[in-house]
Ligand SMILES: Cc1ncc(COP(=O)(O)O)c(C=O)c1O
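Coming up is one lone chain in structure tokens, specifically the form predicted alone.
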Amino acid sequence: MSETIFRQAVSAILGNENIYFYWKGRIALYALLKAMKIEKGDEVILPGYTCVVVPNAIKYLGAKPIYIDVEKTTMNPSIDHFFRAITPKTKAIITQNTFGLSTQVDEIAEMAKEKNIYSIEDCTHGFGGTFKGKPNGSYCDAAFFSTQWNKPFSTGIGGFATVNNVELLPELKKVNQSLVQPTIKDSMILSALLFARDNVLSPSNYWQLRSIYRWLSKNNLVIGSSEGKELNSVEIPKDYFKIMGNVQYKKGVKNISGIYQLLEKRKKNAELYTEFLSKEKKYHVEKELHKNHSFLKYPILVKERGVFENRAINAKIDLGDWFCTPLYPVEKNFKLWDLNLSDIPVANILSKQIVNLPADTEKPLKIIEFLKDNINEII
């Protein structure tokens, strides 16, 4: 019952009935790539400014990720970046809504179609947002979304795929026959984490509990966004290919209901940030980009991230550190994922300077006051 209600809610927002739910968003990508018959010897083009779980899904199938640089203004690749990277081995391209911003998705999807290449939209930051008036996920052959902690709305962990190219559906359904159910232990741990987040987490213990959770997740002691093997290996983890469970469906039904109010809040806060930063002549999201941006996070650039983050902690400001490396959160051994940092100079610089302002805060003026007090640290 919860699955049906959740499916209807997602479908109503996206205008798409071809929806498939998974334990995590990265598994949705893996399923799509497999349905596209990506295999050894194939190349998949993607931004060189992403989460490591994206190239992992490619590597798990024996294919090679080909990274392209991004533009500083959008933190997304342009269509020219994609075009120059295409080779006879290219089987698919992945474009993304970085922090919620979509750019040139229609043109990129059309180019891929002309080149007989599959296109996938990484909407892990962009659920509920739009590009040129259509929901994110509308343009490419398929799209994948995340409902992890701190995503547009949360089921704790989780994600789903949507399909626009109906020719993919028979193969995707065949691929999904191999999905395994979450274990009783999985469901119990996730239920406990969701309970703790709703009933135990508070401003007074947030920083301590966040650090503990990340350590436990990295060491595979709890269910986490990124687990140990995903950060130091390109071998597919055991029982990786899981479907979404009832705990997630129930949480999704509850949380998706407030998505429009949350999007409105994020956009209003982003307008305040942009107004302040532009007046101060600091890096900001240009006003003309706002119409295609859902602002899961608001990116700014700083001179010394460690200094800035420490000041934020002292001021009780919850800064994000997303994409503080080109393959977040991996910090070294990039060649394991076939990434050469010299191929992505802009993304490499951005990753050294970026912090994320909270877009869903109830106190945007407190954030702006903090920025005023530390204006000389902002680029």
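As the structure is a prediction and not an experimental result, all values here were calculated from the model. The first residue of the shown sequence is 1; numbering continues from there.
Not pictured, yet referred to below: the form predicted together with this ligand.
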| query | finding |
| --- | --- |
| Proximity to this ligand in the predicted bound form, single hit among Ser119, Asn136, Thr162, Ser146 (heavy atom within 4.5 Å) | Ser146 |
| The unique member of Val70, Val44, Leu33, Cys51 whose heavy atoms fall within 4.5 Å of this ligand in the predicted bound form | Cys51 |
| Contact stretch among 60 to 68, 312 to 320, 25 to 33, 344 to 352 - heavy atom within 4.5 Å of this ligand in the predicted bound form | 25 to 33 |
| 4.5 Å heavy atom contact, Gly158 to this ligand in the predicted bound form | yes |
| Partner contact for Lys297 in the predicted bound form: this ligand, 4.5 angstroms, heavy atom | no |
| Exercise: His293 in contact with this ligand in the predicted bound form, heavy atom 4.5 Å | no |
| Contact of Thr124 with this ligand in the predicted bound form (heavy atom, 4.5 Å) | yes |
| Those residues of 71 to 102 which, in the predicted bound form, come within 4.5 Å of this ligand by heavy atom | Gln96 |
